[in-house]
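Given next, in structure tokens, is a single chain: the form predicted on its own.
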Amino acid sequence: MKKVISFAMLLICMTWGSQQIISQNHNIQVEVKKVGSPIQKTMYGIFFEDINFGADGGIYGELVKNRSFEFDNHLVGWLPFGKVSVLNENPCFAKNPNYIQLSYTKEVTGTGIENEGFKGIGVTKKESYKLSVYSRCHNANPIELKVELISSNNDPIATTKIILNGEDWKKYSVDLSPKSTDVHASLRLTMITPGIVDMDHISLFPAKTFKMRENGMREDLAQALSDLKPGIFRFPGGCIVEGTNLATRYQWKNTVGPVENRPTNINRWNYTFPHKKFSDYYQSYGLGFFEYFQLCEDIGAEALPVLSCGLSCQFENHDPKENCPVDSLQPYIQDALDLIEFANGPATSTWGKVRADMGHPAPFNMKFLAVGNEQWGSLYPERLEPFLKAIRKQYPTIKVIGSAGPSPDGKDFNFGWSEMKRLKTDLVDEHYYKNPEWFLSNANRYDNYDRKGPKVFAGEYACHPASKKNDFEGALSEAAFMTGFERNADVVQMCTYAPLFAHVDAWQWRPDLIWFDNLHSVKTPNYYVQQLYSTHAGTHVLTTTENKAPLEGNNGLYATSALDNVKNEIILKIANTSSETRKVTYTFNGLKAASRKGSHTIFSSENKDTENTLEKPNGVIPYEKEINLTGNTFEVELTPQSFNLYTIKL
């Protein structure tokens, strides 16, 4: 419940644990009438990449692994028993030709298959799950197939049956409702009557997906994204866009059309980290570009797709033959042009019709497109240039994002920026994964950027404490650093924390914004910082100074302010990264003295290493109080190690 505190020059004192209040008073001036740069609606957003089992096994609702038997080892994820073969003659789906054949002649062991899911299958008591399968029989008599959900203790917790018949491929569906909850269940299919039967695309989905979409998203994970109120959604990556070689790059055209006929691709995170290999990490493309665009609509974010520029991953592959020559780029460029048509073209156009046939006749109204991810050196701009010329000629309103490489400084970074300026890209994608000290000392990073050059997209960033965990120290460092994003909103127009998701039983990289198992999820301290910024972005910057200079670490203080013309309020953000209480007096120059209502949200922890976990999801969360303000100044005491957000109604 919110509490109300009235004050006129009133001291707000939030005392959590022992504190030492220093005598120095900070005097902060906020220029209310001198409205500054607009804050773009795309300012705070989401970066998604299929790492840490973020798509299959994560936000994508499918519960069956290797549902079409297209992994290099065709039975990965499946435990066959009895006589089971993998075939590809006269397949059901041309782009996914493999299927299994089960033959049962009264063997003692029976014949069937069991799927382990993604580190198990998460099911909830009394909820409904839909199993579907494509099948054909090789005998005149119908085949009875038992369908079971098996608990982690090897007990059946849901049982039903399907009657299969006919020599032609047909789709069968049945619902299952488990009698108990299990994070690590499995799916078992067993032939009851003798015969020979073929099966393909065996799928299991929860009935409840986000927005009740067919082939939809896992509800809790998608809702967590929606709760961020993101302005931009960058997808599908990341390094998977490049692939380790051109053959394994992400190709968006393989991810649209009927979901059963989208070819499987190996995920480059399958093998990238020697200490964290996951040989069962593939991309089913069930979560494809149509679903990404649809998810953007569902959560209110602008779409920012990323496409290959014809270069394989420069970290992983040093073979020049695995880079497309500049004079052979036309198919890649055409893919970019076709994507814009898929997203924005009329339903009568070639690719607009594909979108319409998938259930979305209206355009998605895509405005942004990134070409290339984290590339560096001369190989990148010479490939980006023909993309730019073609896109601007045919679609001049599309804003094109280029890359400054994988580092936030250095020779390659400087060269990348100079080339992006020469090519006049609309935005430049910067990436940085650094320690807390770097984030605190670089809050002024964008103060002196060229105001006339391309705008900045901080497309991948995260504070990496020594523990590489999502602790409060990292989140507070990010909160302090992000004051520089907002203060420089005339330069920085997008920023997205990375990576987004991590499965607790199948992760390769940390920290990450949201952690989950097969049924539960937890929002990290970093998530709450992102949420506080994105839900209180404001519409315009307000100049905020102490002694006529920005607060960029003054005694551990970092501050910014914004005006929100829509909500008709002033928003103050201030981080106290020191271990002491700080006394601050705010003066609102140009604000008429009056009684006003507002709120104070405090996000604080005595211990910098505090985390939120699945077992303790509320280790550190924001706490909000209502306030009343009289006059145009007020004093506050900022708790040590805290991020504070004030809203004041005008």
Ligand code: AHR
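For every residue, the number given is its place in the sequence shown, counted from 1. What you see is a predicted model, and the numbers here were worked out from it, not measured in a lab.
This next part talks about the form predicted together with ligand AHR, which is not shown.
The three marked residues, D447, G484 and T560, fail to reach ligand AHR in the predicted complex, with no heavy atom of any inside 4.5 Å. Proximity to ligand AHR in the predicted complex, defined as a heavy atom within 4.5 Å, holds among G238, G310, G243, G416 only for G238. Of the residues V64, I51, V30, I46, just one reaches ligand AHR in the predicted complex with a heavy atom at 4.5 Å or closer; this is I51. Stretch 426-434 is the answer when you ask which of 182-190, 350-358, 289-297, 426-434 has residues with heavy atoms within 4.5 Å of ligand AHR in the predicted complex. Contact check for P305: every heavy atom lies farther than 4.5 Å from ligand AHR in the predicted complex. At a distance threshold of 4.5 angstroms between non-hydrogen atoms, D200 is out of contact with ligand AHR in the predicted complex. In the predicted complex, ligand AHR lies farther than 4.5 Å from every heavy atom of Y380. Proximity of F387 to ligand AHR in the predicted complex: non-hydrogen atoms within 4.5 Å are absent; the residue sits far from the partner. In this stretch, 159-197, not one residue has a heavy atom within 4.5 Å of ligand AHR in the predicted complex; the partner itself is omitted from this view.
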